[in-house]
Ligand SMILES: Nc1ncnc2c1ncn2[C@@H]1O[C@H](COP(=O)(O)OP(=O)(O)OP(=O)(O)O)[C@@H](O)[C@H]1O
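The chain that follows stands alone, in the form predicted alone, written as structure tokens.
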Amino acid sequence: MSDTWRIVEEELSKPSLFRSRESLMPEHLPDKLPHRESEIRSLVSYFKHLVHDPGSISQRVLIIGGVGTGKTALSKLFGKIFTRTAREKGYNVSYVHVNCHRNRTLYNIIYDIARQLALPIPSRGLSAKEMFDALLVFLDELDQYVIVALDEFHYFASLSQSDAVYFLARTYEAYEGSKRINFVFIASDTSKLAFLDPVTEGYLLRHVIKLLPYTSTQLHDILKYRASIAFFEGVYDDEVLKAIADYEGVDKGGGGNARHALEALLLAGDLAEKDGARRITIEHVRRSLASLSREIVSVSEFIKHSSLHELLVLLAIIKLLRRSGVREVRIGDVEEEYRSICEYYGEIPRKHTQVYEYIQSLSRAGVVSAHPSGRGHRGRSTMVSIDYGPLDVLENYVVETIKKRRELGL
């Protein structure tokens, strides 16, 4: 047996931590979207005419939000559930999702709508308007209504002529027949559409659903739901999920990006599996976050210019976190470890107030995270953590910096 064959056999025989790895992938559409229930209600309200009075109006709704706020998932999940419910009630309603980054012209958008609806419209020989007219004829013949979601619409709007946007936004302005096409426009923010003429812009901004970045609590709920599907039981604990949620939550200084949070959890699972571990640890999370961000580079610059005792306190935090395997440690335990390190290096330890100031300084620089203890902790204390890693690499860097600082007498 060749070495390559043996390697493949060994890797395939290892048990996986993942029950459904794809559940953490960006393209996966979950069965529910925690903390987007009110937005789904709004979409249902805007499009309920399709089952109460179909053809009476052509609705246009704009969904805006930053990267990772769930714009695409919201629209797709709404479209999936709404059309299924409408059909169960006897209404022929379809949903199509067009990516405007891939389909950059009006012609390609209209053709993709027809393709997804399986309408026999030729791909050549017709103008965009002729193709659209043919699309309307087929929808009339089939007595069919459609919700068209144009994802990354701001990209199409910035590239195409204003006439193309005008055509889509004001399709039924002077149309007297049954209005069978409705639109969901998806964009990152309204400023990307500011170059449009006031009338067209007014059409797009009439009904707006704005998705805010996720908080740490909201991300924790999302990660908890997805992890329960993605991993086998016992592979992770709540501290792992909370560490990622706190790192990415907008209320904790992160971007509030669910996509990043899910990607971090997926990579942490991959790292644990690669290590042959049976569980995802906080260290796997730190390594995952480090590979997905530039923080370890930026903090090294601060560390390089930190005072000796600031570095000794940081070393104490790192050692405690590595030894305990927990996500965060008490400031009292940090002080005790710091005094031991000072004794090792022959340094006189600073008082409690100064140690506290060092930790606050490290926190302001983003080297550590520090916050008051909450429920679940006995007494009031300051809890300290490091969200990135790997900690062994960071510890070696800090030790080397301390060594150089002492050699130079600084």
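Remember, predicted model here, so these are calculated numbers, not experimental data. All residue numbers refer to positions in the sequence shown, first residue = 1.
Note that the form predicted in complex with this ligand isn't included here; everything after this is about it.
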item	value
Of Ala157, Leu262, Leu289, Ile113, the one that lies within 4.5 Å of this ligand in the model of the complex (heavy atoms)	Leu262
One residue of Arg180, Arg327, Arg226, His284 in contact with this ligand, assessed in the model of the complex (non-hydrogen atom, 4.5 angstroms)	Arg226
In the model of the complex, Gly55 touching this ligand (heavy atom, 4.5 Å)	no
4.5 Å heavy atom contact, Arg41 and this ligand in the model of the complex	no
Proximity of Thr72 to this ligand in the model of the complex, heavy atoms at 4.5 Å	yes
4.5 Å heavy atom contact, Glu152 to this ligand in the model of the complex	yes
Answer range among 26-34, 362-370, 341-349, 41-49 for contact with this ligand, defined in the model of the complex as heavy atoms within 4.5 Å	26-34
